[in-house]
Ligand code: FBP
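A single chain, nothing else alongside it, follows as structure tokens in the form predicted alone.
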């Protein structure tokens, strides 16, 4: 197969990883901390996870005394990629594989094809030197594929155990986000409850950056994604500053949290950037969101700058209280009158029909929206009949409403500029890029560390590597009990254990740095042009971690287990 010059060069890259993991595996050990507790609902979760709840934090350290022979056992392991792609996933598998083979060359690694369904249906591929070497330091999940199947029914759990037993597995590594790692915790508990010694370990993956806490400093894939988006944003900013005639509205991935938007704003300094968590906390209306954009447009037009850049998190509309209420009412109303609506061919007919079913506030808001957005809300439903929020073209919604508001301001003599806008959505562009050096190193370290946790006999843990703003050699590997990150959440009519998503903290240093600068950015062209991901050169250029991580670490000490 023909490959690019960059891919050939990336094959030769040797990931950096924690110094403690570079020594002979038989000479390392685990240091244990005190028993842990979940972040909430302790009694209920202790009852649900009676085998795995309360286990201690662990840290990989240099061993002493007798060599740890468990590291050299012959093992059979399985690995699953779960959920959306994130750069660095292939390196997690490579790190796991290299650790496994360092421990015992006779050990085997099986990849489950197509995500968790591969475990349920026993669809596997044995991963060999040739397979692993073909995917080192590359993006995507195409080595074994991924999927969004959740292991949740008794039949699925039983089938998973049967597959693992049939392959004579010692452990399974699940690489995924918060839901996938919740699944890993449930699977670990199920295996123990059915007297099986098969271990389950998780690994933190998501470009959204919302799987993080005091011990999980970052999820792999985030750094590469935001660097990819920031390059594109910087290119657009440079073009806007050259042509001086367009406002660019850029929607970025991040439905549940705005970490991507915040990191990209810190890297590129756009004129306007919304953080969904702030919108929710301050209960901004859609009109107030539009007002903020218009204020920047008007001020910049007064300075003869009729161009700019606006960053919008993918999930913004769900954080605007009135939009959230409209979506909830539409979901309920359309579900109740599905048959009647089927007979109405036009969106205008739907609007007329719903005018007597929605609350007055929701009805007024729906009619104020641009026709294309109203059509998406009414017609574009998921299999359960709900609005597909991620497919709402928020950038076009805001462009249309800003145009209307500016027209009124012009009539009032408060605006004399020219407004031309273009919309963009950056999402898939960043999910499968060649991983940055940071993500290549981090993914590999997480995989190698996962092997150590497995060889040490742990189950129900997530692979954890901390101190990520230091050189990779000084990173600190260890493990965090999955139950420690959980609480109960209402889902599908019942309380379910889930790993809590990390939202943008409005009291954090990264947000405060952004908030202190945004008024200047709104008026003055302050664009930064980060350029493309750098793979070759000095560490301060090529190995730099995310800006948010650097700011979070200022004045912070690394927590011991």
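Positions refer to the first chain, counted from 1. Nothing here was measured: the structure is a model prediction, and the numbers come from that model.
Below, we refer to the form predicted in complex with this ligand, which is not included among the displayed structures.
Interface residue among 84, 400, 111, 423 relative to this ligand in the model of the complex, by the heavy atom within 4.5 Å criterion: 84. Note on the partner interface in the model of the complex: the residue among 207, 450, 174, 264 having a heavy atom within 4.5 angstroms of this ligand is 207. Stretch 424-432 is the answer when you ask which of 440-448, 159-167, 284-292, 424-432 has residues with heavy atoms within 4.5 Å of this ligand in the model of the complex. Using a 4.5 Å cutoff between non-hydrogen atoms, residue 223 does not count as a contact of this ligand in the model of the complex. Remark: residue 254 counts among the residues lining this ligand in the model of the complex, judged by a heavy atom distance of 4.5 Å or less. By the criterion of a heavy atom within 4.5 Å, residue 390 is counted among the residues contacting this ligand in the model of the complex. Using a 4.5 Å cutoff between non-hydrogen atoms, residue 148 counts as a contact of this ligand in the model of the complex. Residues from 293-316 that approach this ligand in the model of the complex with a non-hydrogen atom within 4.5 Å are limited to 314.
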